[in-house]
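Quick heads-up: the structure tokens below are two forms of one chain, split into structure 1 and structure 2.
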Structure 1
């Protein structure tokens, strides 16, 4: 049995050097931000002028991430209950069912998706009024 040099095995480690000159596929996040995607499911937005406080969003939420709380500020005069949705982002799976069943289309999702906090209670989110 004759010994034959393994040329492929000797050269293969050096092929990894070619990746050092290629452009990366990732973004330098704090400096570069990715482009907004139409229809992306980010944080919730609730138009208090349209919200009637029906609670359909709370009923459809399979993770029980939505509860109805007393509204602060001006609300829709047709909101007989005086309640608006509050979302627990520790439980929310961003399925979008709550926005689908919203009759007056007051609850929707926007493109913002980044939120960082050490306080767990800050993830109980009152949707922005828009």
Structure 2
């Protein structure tokens, strides 16, 4: 079978070389950092001044990742149970259903998503009070 060289197909791919003089699209981390995204489903925060300790978040969590535990610090006077959610980040799938059902809108998810700890038990995460 005669071989007919595909000259165009052999030369054209070299046009990719022009990309080598382009600026990179990636960020120069850590000098440059990503802009925060509004509505990002990152780590939970829970405003203790608003939380009423109803347990709706615990009830809807399909991974059973939320436990209601004794609150420390100043809490909402309407929080009759005195309990606030603690989230097991070994089980959480960041679906956000807990924040959807939160009546007083105290439990939310914000942009933080990095966490480092040598203590595995700290994966039972107490949302920051914000």
Partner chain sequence: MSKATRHTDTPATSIKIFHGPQHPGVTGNMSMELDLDGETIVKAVTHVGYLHRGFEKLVERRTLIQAFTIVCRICVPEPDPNEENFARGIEELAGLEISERAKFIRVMVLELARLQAHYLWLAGQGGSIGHEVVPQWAVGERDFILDLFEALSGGRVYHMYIYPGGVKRDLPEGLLERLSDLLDRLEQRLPEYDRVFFDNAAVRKRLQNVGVVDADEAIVNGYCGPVLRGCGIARDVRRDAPYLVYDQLEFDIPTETGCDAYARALVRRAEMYQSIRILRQVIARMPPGEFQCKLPRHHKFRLPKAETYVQTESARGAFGYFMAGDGTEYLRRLQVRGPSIVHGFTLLEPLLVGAQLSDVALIMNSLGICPPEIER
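Since the structure is predicted, the reported quantities are computational estimates derived from the model, not experimental observations. Each form is matched to the other, and the largest set of C-alpha atoms that superpose within 1.5 Å is called the rigid core. Numbering follows the first chain given and starts at 1.
> Two forms of the same chain here; which is the form predicted together with the partner chain?
Replying inline: Answer 2, the form predicted together with the partner chain.
> For residue 14, is the C-alpha shift between structures 1 and 2 2 Å or more after core superposition?
Replying inline: Yes; that C-alpha moves by at least 2 Å between structures 1 and 2.
> After superposition on the rigid core, does the Cα atom of residue 114 shift by at least 2 Å between structures 1 and 2?
Replying inline: No; that C-alpha moves by less than 2 Å between structures 1 and 2.
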